[in-house]
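Shown here is one chain on its own, the form predicted alone, set out as structure tokens.
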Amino acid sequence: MDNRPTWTSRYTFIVTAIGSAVGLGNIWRFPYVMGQNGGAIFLAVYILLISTICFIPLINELYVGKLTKKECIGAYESINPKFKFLGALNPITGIIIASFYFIVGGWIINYISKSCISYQIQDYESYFSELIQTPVYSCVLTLIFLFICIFVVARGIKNGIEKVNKILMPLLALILLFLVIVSLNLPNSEKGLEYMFKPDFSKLNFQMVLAALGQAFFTLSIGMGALLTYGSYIKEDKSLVKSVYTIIISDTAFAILAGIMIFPAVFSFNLEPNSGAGLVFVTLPRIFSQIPCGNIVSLLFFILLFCAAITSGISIIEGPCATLIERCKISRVKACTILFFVIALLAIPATLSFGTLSNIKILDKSIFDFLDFITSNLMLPLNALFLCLISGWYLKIKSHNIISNKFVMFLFDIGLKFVVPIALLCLIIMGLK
């Protein structure tokens, strides 16, 4: 397409790509997964994997987009027409992820509103349980968050996605740094730092390694077509390798800072670091209520979460949006309108699965948990697996010399054809058990 949008600069591309990677996966999911998998040893394995193995599918997805200059279906079709149906799995995955991911965004909006006023909650676990089981209110929150993300995407690349990321990413970094300072000044905060940075090698096992690998793939947004779509907007003169390592380093830094923000506070109040998904919505609000200016700290924290959720949320929508625009030859506004109703159609039952529809089970899972399960454990790794095999064996990406060093390019090719597919197969097998 001659009028296809492009990033206005390398900086805006990197900021938006970092925004895609730095989301709830870093601020919400990373700390509790780390807490459930041994702390420091998990962090060490995670850093090793994200800087080596995960580098390969990340640069591969961006490069396929940059090379083909098409959305997901068109990109796969350009490589070989028989792969077109595999390309369609990417926007479908993005739509399903949006349908449950945006529910969490709605919860964040609620906590922001509560933090703006002086309120006292005696039992935070009961409060959170009541929130997610309130049908109309929780659905409205989900739809509000969905509308915000859709509105940004409808504004386009320059006036929507780029502009929002250029504002929210620096704001996110500043708030995170401030909250890190607050956390480090709490009594006994050093215990949290010890938990994060003093590894216990007895907790090193295959299951933990797979958990670290899964978190790395999840946080980088690999396998949902968002990065392929972002890659298709890159101008020819952009260096992908430098950009990819900038994205990985930034993403990892945000995840580590999120841990430094959370674990010292958790240990300071003698709470459990492995409290799971409720760490952010139950454990941390309980901590905020016990520190000076807790409402302000709480407000900043949930604004931080909101910024992270928005930047990754718009990247999730952009993939399916680009597919609708280019395959159906419709305007961006029409594509976004269609996506709003499609995602809402899935998101409302998923939102109600905590209350009104809690009795509906799919494979013994609630609707929310089922959507999370099939995307995280099956669709994301499968999409990444397919693209690695297609690029390695059909596109023969080695011949494109995207890495100047021949030996590194050789290792990259081996990783693309063998190492990453094997790792992804292990993730899929273990995830489906």
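Since we're looking at a predicted model, the values are computed, not measured. When you see a residue number, it is the position in the sequence shown, counting from 1.
Beyond the structure shown, there is the form predicted in complex with tryptophan (TRP), which is absent from this document and is the topic of what follows.
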(message) residue 26 versus tryptophan (TRP), in the predicted bound form: is there a non-hydrogen atom within 4.5 Å?
(response) yes
(message) Considering non-hydrogen atoms and a 4.5 Å limit, does tryptophan (TRP) approach residue 221 in the predicted bound form?
(response) yes
(message) Residue-level contact is defined here as any heavy atom of the residue lying within 4.5 Å of tryptophan (TRP) in the predicted bound form; does residue 20 satisfy this criterion?
(response) yes
(message) Quick check on residue 76: any heavy atom within 4.5 Å of tryptophan (TRP) in the predicted bound form?
(response) no
(request) Please pick, from 34, 54, 380, 397, the one residue with any non-hydrogen atom lying within 4.5 angstroms of tryptophan (TRP) in the predicted bound form. (result) 380
(request) Only one of 343, 248, 352, 316 comes within 4.5 Å of tryptophan (TRP) in the predicted bound form by heavy atoms, so just point that one out. (result) 316
(request) Tell me, please, which stretch of 130-138, 95-103, 174-182, 329-337 lies within 4.5 angstroms of tryptophan (TRP) in the predicted bound form when heavy atoms are compared? (result) 95-103
(request) Pull the contact list for 41-60: residues with a heavy atom within 4.5 Å of tryptophan (TRP) in the predicted bound form, in sequence order. (result) none
